[in-house]
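Let's start with one chain on its own, the form predicted alone, as structure tokens.
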Amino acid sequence: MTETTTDRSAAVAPRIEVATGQRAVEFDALPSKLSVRGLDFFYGKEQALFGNTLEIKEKRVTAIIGPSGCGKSTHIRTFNRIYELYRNQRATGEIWFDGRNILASGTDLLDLRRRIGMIFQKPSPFPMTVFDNIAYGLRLHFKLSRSELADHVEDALKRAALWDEVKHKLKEPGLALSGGQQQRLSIARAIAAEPEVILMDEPCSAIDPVATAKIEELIAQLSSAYTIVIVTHNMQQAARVSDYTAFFFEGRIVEAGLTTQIFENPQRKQTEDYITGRFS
């Protein structure tokens, strides 16, 4: 599939409100945290991604949009090689992370998955207490005293905007929390491991609008400290929370750029058609 750039002077883009205060710095001048080059992905013999090339800018929010089944989730799952937990899945190409190709042999996957944390579509607390949910990764990666562990748990819950709601429930099951609280608990668990990148795969699709608003507010707060990549089917959400947007279709990146540009002045007709709802 090859798209050609068209004259956008006559294009009528939808009036989607883009996040206020969006950074005006030219993205080409910003450092990349992840550089994807010629990424192909296969489920057995079936190819799902085709030559993806994308820059993920450091301490910015990148939204991945596109219709269902276009490869959005598959793409971000290559960033921490979580696909290797399943049989007959493989990626080829290069993904550079702080000067190293993480698809190369010899990559420490435990360390990679600590540095690149992931939040899934459905809240995924472990079947243990709120405290132990957060402490799990800390115990796995770090040697901490009991008091240091308690301090780190509290800090992670505060950064996930959950501490005030659960500080009296630390010994209760994480699964007893509401759906929105469970998702923020999952974010706190990822934060506790001191990642550099946080991947979010449709993090609001299984929670209510009030909880969604809290997650979006949290994303804005976290982006000053973390590089965030969010897969979302909700274009309004992508416009609200992201600095940079990539539009996927049938396993290929059709267009990527500043969120303002993608939503207000797309350079590819296929992007415009998707943004304006001509197909979904």
Partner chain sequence: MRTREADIAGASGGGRAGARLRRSHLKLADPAFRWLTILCAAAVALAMIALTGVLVGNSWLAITKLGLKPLHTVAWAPSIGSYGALSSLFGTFVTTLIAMVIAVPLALAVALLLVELVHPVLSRVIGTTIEMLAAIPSIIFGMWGIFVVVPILQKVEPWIQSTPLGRLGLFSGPPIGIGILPAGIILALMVLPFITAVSRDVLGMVPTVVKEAGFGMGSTTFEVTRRISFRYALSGIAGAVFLGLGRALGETMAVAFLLGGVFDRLPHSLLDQGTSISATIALQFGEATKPLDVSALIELGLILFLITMVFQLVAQVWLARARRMTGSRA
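If you're wondering where the values come from, they're calculated on a predicted model, not measured in any experiment. Positions refer to the first chain, counted from 1.
The same protein also exists as the form predicted together with its partner chain; that form is not shown, yet it is the one meant from here on.
- The chain is drawn here without its partner chain; in the predicted bound form, the stretch among 204-212, 159-167, 78-86, 94-102 whose residues come within 4.5 Å of it by any heavy atom is 78-86.
- Shown alone here, residue 175 lies within 4.5 Å of its partner chain in the predicted bound form, counting heavy atoms only.
- When its partner chain is considered in the predicted bound form, residue 122 lines it closely, a heavy atom lying within 4.5 Å.
- Its partner chain in the predicted bound form is approached by residue 137, whose closest heavy atom lies within 4.5 angstroms of it.
- Although the partner is absent from this view, residue 127 contacts its partner chain in the predicted bound form, with a non-hydrogen atom inside 4.5 angstroms.
- For the stretch 177-202, the set of residues having any non-hydrogen atom within 4.5 angstroms of its partner chain in the predicted bound form comprises 189, 190, 193, in sequence order.
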